[in-house]
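This document opens with one chain alone, in structure tokens, the form predicted on its own.
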Amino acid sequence: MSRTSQLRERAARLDARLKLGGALFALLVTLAGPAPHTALGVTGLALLASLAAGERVRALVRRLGLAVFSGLAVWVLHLLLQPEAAGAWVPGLILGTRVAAGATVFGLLIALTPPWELVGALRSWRVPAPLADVLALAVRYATVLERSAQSAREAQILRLGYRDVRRGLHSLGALGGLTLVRAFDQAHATAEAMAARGCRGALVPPRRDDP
């Protein structure tokens, strides 16, 4: 077993409450510290920890892409709403770095912690059970929707859906709508499957020693 695999296995065995508490503390430091330096520091540490745990570079780039999009969106809005104001890029930079810190920290947490352990940690902290269950299902099916969107985008690329800016924007809109429809379909199918198995509003996380 490689050193990276051993480190990832050790991190995965840590108590979920400890990992969740560490992630929340990192988020608190990011929001309370001087911006954007604190957020950049937290992002850098989280990226190094992710690489040490064997996370793929492509997955890390996707997490940072969300931060870039958020920062650019805020910058454009400030330019449109206050074109005469100076320093319109500052709010975008602050938001982008904070989103990057949150995405990298919680991305690493999710990569190293199974959803049912997060549910157990939330319940031990007296978080309402319905809210904990919804969060666990959202984490579980985020990867499913990501794969679904990726397959749809690859089909669009084969049909030359991104050969120019106009067709690219049209394809992106269609991709967003398709992903949203599939999300509703998946939610409906999940609710029916849970009802068929006798679920009446409470999920029971499996024990750690279960196969």
Partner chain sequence: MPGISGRGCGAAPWHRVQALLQPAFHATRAPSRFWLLAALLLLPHPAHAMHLAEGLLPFGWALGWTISVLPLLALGVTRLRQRVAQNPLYSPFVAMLAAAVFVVSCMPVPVPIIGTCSHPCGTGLAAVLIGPVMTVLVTFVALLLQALFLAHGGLTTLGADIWSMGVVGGFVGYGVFHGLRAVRAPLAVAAFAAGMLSDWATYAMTSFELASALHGSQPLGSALGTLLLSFLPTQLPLGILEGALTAGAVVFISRRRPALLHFHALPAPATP
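Computed from a predicted structure; not experimentally measured. Residue numbers count along the first chain shown, from 1.
Only in words, not in the display: the form predicted together with the partner chain, which the text now covers.
Just one of 48, 28, 61, 157 has a heavy atom within 4.5 Å of the partner chain in the predicted complex. Which one?
Here the answer is residue option 28.
May I ask you to check whether residue 106 falls inside a 4.5 Å heavy atom distance of the partner chain in the predicted complex?
Looking in the predicted complex, residue contacts with the partner chain include residue 106, since a heavy atom lies within 4.5 Å.
Whether residue 11 contacts the partner chain in the predicted complex should be assessed with a 4.5 Å heavy atom distance threshold; does it?
Contact with the partner chain, no.
Since only the chain is shown here, I'm wondering whether residue 143 would be in contact with the partner chain in the predicted complex (any heavy atom pair within 4.5 Å).
Residue 143 belongs to the contact set for the partner chain.
Does the partner chain come within 4.5 Å of any heavy atom of residue 176 in the predicted complex?
Looking in the predicted complex, residue contacts with the partner chain include residue 176, since a heavy atom lies within 4.5 Å.
Is it the case that 7, 18 and 90 all touch the partner chain in the predicted complex, with a non-hydrogen atom of each within 4.5 angstroms?
Spot residues vs the partner chain: no contact at all.
Which of the residues spanning 135-165 lie within 4.5 Å of the partner chain in the predicted complex, based on heavy atoms?
If the 4.5 Å heavy-atom criterion is applied to the partner chain in the predicted complex, 135-165 yields 135, 137, 138, 139, 141, 142, 143, 145, 146, 149, 153.
Tell me whether residue 142 and residue 110 end up closer or farther apart in the predicted complex, going by their C-alpha atoms; the shift is 3 Å or more.
Farther is correct, given that in the predicted complex the C-alpha spacing of residue 142 to residue 110 is increased by at least 3 Å.
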